[in-house]
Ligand SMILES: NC(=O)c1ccc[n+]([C@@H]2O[C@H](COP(=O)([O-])OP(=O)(O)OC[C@H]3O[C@@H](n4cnc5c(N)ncnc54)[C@H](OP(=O)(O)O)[C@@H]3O)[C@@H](O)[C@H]2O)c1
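Just one chain follows, in the form predicted on its own, and it is written as structure tokens.
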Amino acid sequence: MSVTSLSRTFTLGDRTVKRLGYGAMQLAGPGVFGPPKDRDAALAVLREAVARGVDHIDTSDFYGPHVTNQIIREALHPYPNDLVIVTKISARRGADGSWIPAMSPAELTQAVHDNLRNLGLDVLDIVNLRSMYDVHGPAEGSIEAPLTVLAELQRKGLVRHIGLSNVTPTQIAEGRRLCEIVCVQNHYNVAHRSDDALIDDLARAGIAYVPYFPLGGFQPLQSSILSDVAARLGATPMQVALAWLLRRAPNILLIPGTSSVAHLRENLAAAELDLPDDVAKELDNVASLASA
């Protein structure tokens, strides 16, 4: 496998990154809470990712909390010059691992400083503001107040670029009126296609779209079709799902996560999986299928 391409590049802020990156969420403990069972394995995954050409890592200081950022720092600091680390703010964790909105000016400012400290950075490459009107998915509500706080931290030199996560098209439009938005991170995959029009609009604007849960929300029939396609191609369902996303639009950047070096290698191999046109069309129709 040629890892030098990782399925070519796209502009993210003022940097050019390979389109297949790595998401650090699974480096924390169960439920993205507490330390990992095997810290050495977590360190090895990060080092392997960078060794294989990954130059875009997605994280947050509320993973753990603090756990994934501290592991990233231990594994990779001082960071390679070409590595872009993207983080997100606006949530905190309860003692029971719950996800709690944290969108006040003080909480947002503290979150930026926590990310800086735990990652060992003087400035954060990109910070995504995650809308928390609904923890489980996008919900309408103005993001002007928290985004204004983040934009002020950008003006102070603590943040280079700003993105959005868990947002609606209306919120993205509101955000773009307030400051430059370089990326949007939402739930999207071959079966969950509600952002189809949005992805195309963002592509025309040169804004990256970063989908999460590449296999999330599938119904049994949809999973069966994906598995069948994977078997015919001699690939894994995850590889097929990632290859479809890479083919879907040039502005899509992928951040599949894993705590296993073997699974990491499998995921990165998706960059070299070429989906035949008939297979791609078959997968295009998966979203319209319902379980029997």
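Fair warning: this is a prediction, and the values are worked out from it, not measured in the lab. Start at 1 with the first residue shown and count on from there.
Although it is not shown, the form predicted together with the named molecule is what the next lines describe.
Q | Option touching the named molecule, based on a heavy atom within 4.5 Å in the predicted bound form, out of R247, R39, H263, R52 | A | It is H263 that has a heavy atom within 4.5 Å of the partner.
Q: Name the single residue among I255, I252, V240, L46 that comes within 4.5 Å of the named molecule in the predicted bound form, judging by heavy atoms.
A: Flagged contact: I255.
**Q.** All of A24, R130 and L215 with a heavy atom within 4.5 Å of the named molecule in the predicted bound form
**A.** Each of the three qualifies.
Q) Where, among 216-224, 153-161, 70-78, 111-119, do residues come within 4.5 Å of the named molecule in the predicted bound form by heavy atom distance? A) Result of the contact check: 216-224.
Q.
Since only the chain is shown here, I'm wondering whether D58 would be in contact with the named molecule in the predicted bound form (any heavy atom pair within 4.5 Å).
A. Contact with the named molecule, yes.
Q.
Even though the partner isn't displayed, in the predicted bound form is S165 close enough to the named molecule, meaning a heavy atom within 4.5 Å?
A. Yes, S165 is a contact residue.
Q. Is Q185 close enough to the named molecule in the predicted bound form to count, meaning some heavy atom within 4.5 Å?
A. Looking in the predicted bound form, residue contacts with the named molecule include Q185, since a heavy atom lies within 4.5 Å.
Q. Heavy atom within 4.5 Å of the named molecule in the predicted bound form: which residues of 61-78 qualify?
A. Counting only heavy atoms within 4.5 Å of the named molecule in the predicted bound form, the single contacting residue of 61-78 is Y63.
**Q.** Relative Cα spacing, F218 and A249, in the predicted bound form - shift of 3 Å or more
**A.** A249 and F218 sit farther apart in the predicted bound form.
Q. Relative to the form shown here, do the C-alpha atoms of G217 and L283 sit closer together or farther apart in the predicted bound form, given a change of 3 Å or more?
A. G217 and L283 sit farther apart in the predicted bound form.
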